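Two versions of one and the same chain are coming, encoded as structure tokens; call them structure 1 and structure 2.
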Structure 1
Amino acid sequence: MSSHLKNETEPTMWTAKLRNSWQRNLPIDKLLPDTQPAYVASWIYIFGVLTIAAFGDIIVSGLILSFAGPAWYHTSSVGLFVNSLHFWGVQLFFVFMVVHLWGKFWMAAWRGRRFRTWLTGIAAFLASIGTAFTGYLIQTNFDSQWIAYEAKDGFNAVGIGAFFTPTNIGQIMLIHVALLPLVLGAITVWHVLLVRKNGVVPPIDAAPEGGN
């Protein structure tokens, strides 16, 4: 009798199971909180948000550059401005991310069962390096040509030149515009959701949370 009632109350559709799992692990008050601990007012907690803001600038300016093409952003004044927005957005993105990464390292941000949050941050950093590298390859100027041929020799030396060809601008453009931003965006979303689920890591000298 009890097993029959259990079967009637348990959801059978995958959508219901997914919804229940989401509500159990990340309720709306955690997903969209209206209060934060007092220690979040410290400047070190700002760099994660600044990294996401710079990433947003990169995505928007990158989409405009992709639709307009190199002939536009190398000759038009507006194109040069958008290209500069994209370039400096990348520089700020890495500055903010590195400060955020090292700040969280010295704060031991994996405490309180936040190891997956830390790992997704590391994965985002590695994905961003690949995205920046392919971005430099498609500048369509002398710098990108030099970088591409030097990278080609390096990849051929380790035996992966047949799969990844830095001098193939079509392949690099596809990887830079269509693949890696999606990968980096998905990791970033996962990282933010884990932060929402587990909360922002407190300072080391704060009161224990009841778990490591």
Structure 2
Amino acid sequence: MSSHLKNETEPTMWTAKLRNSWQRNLPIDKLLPDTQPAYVASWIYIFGVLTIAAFGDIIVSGLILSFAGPAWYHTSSVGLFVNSLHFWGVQLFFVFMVVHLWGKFWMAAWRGRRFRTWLTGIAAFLASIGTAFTGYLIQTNFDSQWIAYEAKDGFNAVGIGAFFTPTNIGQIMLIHVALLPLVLGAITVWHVLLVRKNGVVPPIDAAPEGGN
């Protein structure tokens, strides 16, 4: 017991270190805030959460599609509807994410040691492009035939094609379903935790001497 108490004041345990660091950097009232700085008052702020909401919709329709199998929607009208949910979820996802990206650029939202937040956002954008691309490849229709044929050249040209093969539908399906949503989800969680930890960036020129 005494060693346990000692660890609380001066942690050497990995677990205690992690917990203390979490509590210091991201206490629950930062994680689930009920106030925001007064300047957080513009419609531009809603596009991050809209992107996440669209991602959620994509996950749900994607799960239904994966349980039914990749060729279901060619023959089932319910399947085609779920495919439509997946398709429009992706379109909205990218619309919201691009507007979010523009907004953050024009706010120079990387200021005040928020560069990592910006980087994780760009990483999420790239992971989204990869996820969408692999999704287009597993439509099992004319579109995916053509995209596989065309896209292989780009990847082959720089050696990526040696291990990432757009024409190998088994590989692409696993990557699209099992890997990329997890990667994108993890990056998104990281991104949001950084936003909560650092707070929303103050306005450009919000003066140290005033307004505070």
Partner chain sequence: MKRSAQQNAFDSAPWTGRVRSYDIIKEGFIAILVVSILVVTFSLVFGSPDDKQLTFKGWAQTNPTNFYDTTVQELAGTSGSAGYGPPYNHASDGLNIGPLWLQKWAGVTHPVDVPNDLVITPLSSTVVPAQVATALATWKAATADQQTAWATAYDTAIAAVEGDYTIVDPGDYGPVPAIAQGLTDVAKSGSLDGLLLAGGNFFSTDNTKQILFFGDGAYLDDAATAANLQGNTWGMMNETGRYPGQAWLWLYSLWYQISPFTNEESAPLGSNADAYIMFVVLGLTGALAFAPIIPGLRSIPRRIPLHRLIWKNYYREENIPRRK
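This one's a predicted model, so the numbers in the text were calculated from it and none came from an experiment. Here, rigid core means the biggest group of C-alpha atoms that superpose within 1.5 Å across both forms. By convention here, residues take numbers in order along the sequence of structure 1, the first being 1.
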- Note on the structure: Same chain, two copies; the copy that is the form predicted alone is structure 1
- Query: Is the C-alpha displacement of residue 32 equal to or greater than 2 Å between structures 1 and 2 once the rigid core has been superposed?
  - Reply: no
- Message: Rigid core superposed, CA of residue 41 - does it shift 2 Å or more between structures 1 and 2?
- Response: yes
